[in-house]
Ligand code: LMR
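Just the one chain here, the form predicted alone, laid out as structure tokens.
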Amino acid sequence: MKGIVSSVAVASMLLFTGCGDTKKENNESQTTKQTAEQFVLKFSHVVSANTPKGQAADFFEKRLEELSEGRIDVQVYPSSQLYTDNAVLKALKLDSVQMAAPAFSKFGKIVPQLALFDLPFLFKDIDHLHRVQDGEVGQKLKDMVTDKGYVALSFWDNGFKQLSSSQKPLVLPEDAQGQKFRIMSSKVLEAQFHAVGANPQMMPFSEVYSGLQQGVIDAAENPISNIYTKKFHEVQKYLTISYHGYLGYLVVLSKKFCNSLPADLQEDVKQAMNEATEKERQLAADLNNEQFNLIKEYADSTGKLEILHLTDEQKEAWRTAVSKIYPEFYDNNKIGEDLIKGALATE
């Protein structure tokens, strides 16, 4: 956790660069916190309250209300009570909601460069990923989002993706050949599976279980949380622990709301978000481990699922096969060579 704390703290230095001209607010902030003015911050997200994102949102609510001494009233709306991820970005522009944490894929038409996180085997491990997110590359991506009329705050984790199949063990790249893999809508993921001779099939997440069960698709890639909660492990014969890709969220704030806050309250939001980010990342890691152990118990007790762990040599074979797609996304209108090479070079 020490690495997470320090990297998040560094990233927080530039947190509110997108708030616009706050000269007036800075002058007003010289008054004490005893002012009667109160701000309402509605935080909309699409998952249940007991998920890492949901728990972190609730933590943020409590912490920001404490720090602001009640001057900011945070209201968290889980499970798409207010908006879906597809609608929330427009609502943020209108200040109908003040905060959200959409998946990266929801920013595809606004900032396609966030597809950086779809690139396979780009990150050595979770610590490397967080150094990229909390460093120069992550700040460039957040600046791109902020330039589109939002205030990009922090990256939150879902988890690394693993491979599963009902056809054969996925140990080497050639094992994927001919298999039909479900993917989200993503040019990167299409290229990833074409690179190993597989057939990517775009399919809504809600249809994946039945698709696997009925053989419409053969295989998939998902973080452990998706595999366990949607019971994909019960309709697949093989699970390969590959850590090849990543799914996450970007917490964004309404720019109009941000501009309305005096400087002292902006600092409170920044501190609460830093603490919530540390908590969310740890919660996601803990849940990943807990749910993997439950999947392992299922495999051991039923004999219906084989879990495979890639050796360093096998992982390198996959990395060699799929990293050939990186140059396809060097164009700055796709991802950008500077971002890809910057992520690879991050120490």
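Given the structure is predicted, the values throughout are model-derived calculations rather than measurements. Numbering starts at 1 and runs along the sequence shown. Rigid core (definition): largest C-alpha set, two forms, superposition within 1.5 Å.
The form predicted in complex with the named molecule is left out here; the points below concern that form.
> Is this site open or blocked for the named molecule? Place it by superposing the surrounding C-alphas onto its pose in the predicted complex, then apply the 2.4 Å backbone/C-beta contact test with a threshold of 3 atoms.
This form leaves the site open.
> Of the listed stretches (286-294, 40-48, 55-63, 309-317), which one has a non-hydrogen atom within 4.5 Å of the named molecule in the predicted complex?
Stretch 40-48 is the one.
> Would you mind picking the one in 222, 146, 277, 240 that has a heavy atom within 4.5 Å of the named molecule in the predicted complex?
Comparing distances to the named molecule in the predicted complex, the residue within 4.5 Å is 222.
> To verify the annotation, which of these, 184, 272, 91, 195, has a non-hydrogen atom within 4.5 Å of the named molecule in the predicted complex?
The residue in contact is 184.
> Is residue 107 a contact residue for the named molecule in the predicted complex, using a 4.5 Å heavy atom cut-off?
Flag for residue 107 set to no.
> Residue 249 near the named molecule in the predicted complex, any heavy atom under 4.5 Å?
Result yes; residue 249 sits at the interface with the named molecule in the predicted complex.
> I'd like to check something about residue 209: if you look in the predicted complex, is any of its heavy atoms closer than or equal to 4.5 Å to a heavy atom of the named molecule?
Contact check for residue 209: no, nothing within 4.5 Å of the named molecule in the predicted complex.
> With the partner left out here, check for me: in the predicted complex, does some heavy atom of residue 254 sit within 4.5 Å of the named molecule?
No - in the predicted complex, heavy atoms of residue 254 and the named molecule never come within 4.5 Å of each other.
> So which residues in 155-169, when you check the named molecule in the predicted complex, have a heavy atom no farther than 4.5 Å from it?
Counting only heavy atoms within 4.5 Å of the named molecule in the predicted complex, the single contacting residue of 155-169 is 158.
> Superpose on the rigid core, then tell me if the C-alpha of residue 235 is displaced by 2 angstroms or more between this form and the one not shown.
No, the C-alpha position differs by under 2 Å between this form and the one not shown.
> At a 2 Å cut-off on C-alpha positions, does residue 177 qualify as shifted between this form and the one not shown after fitting the rigid core?
It does not reach a 2 Å shift.
> Indicate whether residue 212 shows a C-alpha shift of 2 Å or more between this form and the one not shown, with the rigid core used for the fit.
The answer is no, as the C-alpha of residue 212 shifts between this form and the one not shown by less than 2 Å after core alignment.
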